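Quick heads-up: it's one chain on its own, the form predicted alone, in structure tokens.
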């Protein structure tokens, strides 16, 4: 596995591979790798000649600077995991290499996707995501880029970004990988004790029950019942629980309003923000 820190050197290496007719699959991560990341890499390997995986804790997408400081960084463990999977190239730049003095930090036109739901809870987060993804795509120029469904709104933002700049990259959104008890895999799970981590499966269970409920009850009523359950859990605070159009992230109040509907939620449990979601309907 080749490890690059320089964007220019990486771009040159990938350009040579593309001239040879190779396809490039790209998996962007912030490190602290878990099985969810590994599933993205395995799919990228199955569908491309060369797989590039980035490990870069992007400062622009942290609205809470304490969250940035506390973000786990087990780099040697991550390198070993990528090598064991046969990743071809690891990209591990410094912030000043990604955002040099000539970097244009102007906000991108995300058509309000950065201001609702997760964006409302974390001001500036999706602008940071969009900026780093745009920068990555300029450097790597991947044929396919792999993102996890767990960060549902993020994948919608990336899809919008690809259209906005007419990028020649296919977005591949991969299913959520869950722990045996149902908790969506996340680097943040490491902050939970073993007992709390096991108990946090209540989020997934609530989504399963909600999906059943919403097909025989009006959505507002189904949401109210689910929220009542979530609010009854000790040490749990619901930041949002909302049904959305899966392409625009606009709230829907009835399944008939869209061909593609998902429920997205964030529950802060034992002071750890846990994201999850579930597709309710997809007739696209």
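Residue numbers count along the first chain shown, from 1. Everything quoted here is computed from the prediction, not taken from an experiment.
If you look for the form predicted in complex with a small molecule, you will not find it shown, but the lines that follow are about it.
The candidate site formed by 30, 37 and 177 is fully in contact with the small molecule in the predicted bound form, as each residue has a non-hydrogen atom within 4.5 angstroms of it. Taking the partner from elsewhere, residue 210 is found to have every heavy atom lying beyond 4.5 Å of the small molecule in the predicted bound form. In the predicted bound form, the small molecule sits within 4.5 Å of a heavy atom belonging to residue 151. The shortest heavy atom separation between residue 136 and the small molecule in the predicted bound form exceeds 4.5 Å. Interface membership of residue 126, defined by any non-hydrogen atom within 4.5 Å of the small molecule in the predicted bound form, is ruled out. A heavy atom within 4.5 Å of the small molecule in the predicted bound form is found for exactly one of 98, 81, 110, 185: 185. With the partner omitted here, the stretch from 99-107, 141-149, 202-210, 82-90 that lies within 4.5 Å of the small molecule by heavy atoms in the predicted bound form is 141-149.
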